[in-house]
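The data below hold one chain only, encoded as C-alpha cells and taken in the form predicted on its own.
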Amino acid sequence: MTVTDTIERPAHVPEEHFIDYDIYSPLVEGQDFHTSWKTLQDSGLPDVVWTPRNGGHWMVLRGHLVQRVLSDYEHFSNHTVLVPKDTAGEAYRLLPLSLDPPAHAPFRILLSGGLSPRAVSKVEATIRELTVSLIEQLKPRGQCDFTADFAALLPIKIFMQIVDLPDSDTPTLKHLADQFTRPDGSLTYPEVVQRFRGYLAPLIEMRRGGDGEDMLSRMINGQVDGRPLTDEEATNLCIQVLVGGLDTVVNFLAFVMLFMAENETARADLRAHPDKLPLAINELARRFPLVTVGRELRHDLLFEGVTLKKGEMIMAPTILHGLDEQHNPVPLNVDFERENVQHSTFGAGSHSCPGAHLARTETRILLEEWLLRIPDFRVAPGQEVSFTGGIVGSVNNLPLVWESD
C-alpha cells in the first residue's frame, strides 16, 4: 500500500511511543514475514506504540496485550477492525465482525453453523479426496509452485463447495477478497463492497425461501431474534464469509509447507509419529500466524501508561502473540513437544475464528497425504521465496522440488 499520510504526532502520544511503521509493508529486507514482525517486537520499543501510517493508529507489541485488545469489547469495540479507519474500516463493517456482544451472538450462530466440527466432518471425505487428487497430479512432475498449484486451489475448492458456488467464480471472488486483506490499489474499498453486493444480490434473491443446505442458503434463510434477515444483513454476512473463506487458510498452508520443505527432521518426525499431528498443527499455528486486526476505542482509556482516545484505532497483530518469548520460550523454533502453547492465531474472545476447525482439518489432511506420497521435498535451489504483508500475510510463491518416480 502506498502511504501518503502526513499526520503529525498527536499531543497525547508520548514521543517514545511514536514510530513510523506501516502494517501493510512490514517486511525487513532479507527477512521473511514472521521474522520481520519479530524484529519489531524485539526492537526495545514500548509495548504500546502509535504510528501515523494508514490514518494514524495505536498498536500493541506483546502477546497478553494482543489477547486483551481482541477480547475486551467493553473497551475495544469491534465496530471498526481495519485501517485506515475512514476507508478500509468504513467499508469492512460487516456482520457479525463489526458487532459487539451481545448483539453479535445471533449472527455469529448463523455463521458458525456451517463451520462447526459436525459440519466439517460431513465434508472431510471430500477434503481428503481432493487433497489426494491434487497431490497425485503434482507428484509425477517433481516440482510445483505450492502456492499456485495447491494452496490456492484446495481450500478454495472446499470452501466453494461449502457455500455451493461454481469454481468459475473463484478468480473474481478471490480478487475481491484480496483487496480487503492485501489491497493493490486496483479498486477502492467502496468499489470492492459494491462488486461484492452486485455479485450477491441475485444469489440472495434466488436462494431466499429455498431449502438449500449449503452455508450461504442456511444463513440467508436464518433468523435473528425470531425474524428473517434483511437483504442488507444477508449481504453483509455473506461478504464476511467469502472474505474469510477465500484467503487465510490458503496462506497458512503455504507457510506450513515452506517450513516442512526446509526441515527434514520435522517431516521424518510426523511420518513416523502421525499421532503427533494435532499437537504439531497447534504449534505450527502458533509459529505461523497471519492476521493483523484492529479495534476502535469506545472511550478514553489509560492503557499501559498511555492515554488512548475515544474513536482511535488500536491494531493487534496476532503474529506477535505466538512469537512472544514471554509466552513461548525460544518462539522462532518449532517444537512439536512444546507444552502450554499460547497464541491468538485464531483470534480471541467472542470473535475467535469460526473457521478454525476447518483450517486445522485441511492442514492435518494435507500433511497426512503429502508426506505419504512425497515424503522428501525442498525449496527449489536458487529460487527466492517472497512474501507480502497486509491484514493477512502471504507467501507469494513457493517453488518445491522432489524426486519423481
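When you see a residue number, it is the position in the sequence shown, counting from 1. Model, not experiment: these values are computed from the prediction.
What comes next is about the form predicted together with a small molecule, which does not appear here.
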| item | value |
| --- | --- |
| Options 106-114, 123-131, 297-305, 222-230; stretch whose heavy atom lies within 4.5 Å of the small molecule in the model of the complex | 106-114 |
| Distance check, G355 to the small molecule in the model of the complex, heavy atom within 4.5 Å | yes |
| R53, heavy atom within 4.5 angstroms of the small molecule in the model of the complex | no |
| 4.5 Å heavy atom contact, S350 and the small molecule in the model of the complex | yes |
| Partner contact for P331 in the model of the complex: the small molecule, 4.5 angstroms, heavy atom | no |
| Candidate site L270, L279 and L366: all three near the small molecule in the model of the complex by heavy atom within 4.5 Å | no |
| T147, Q179, S217, T318 - the one with a heavy atom within 4.5 Å of the small molecule in the model of the complex | T318 |
| Sole residue of V249, V193, L323, V83 within 4.5 Å of the small molecule in the model of the complex, by heavy atom | V249 |
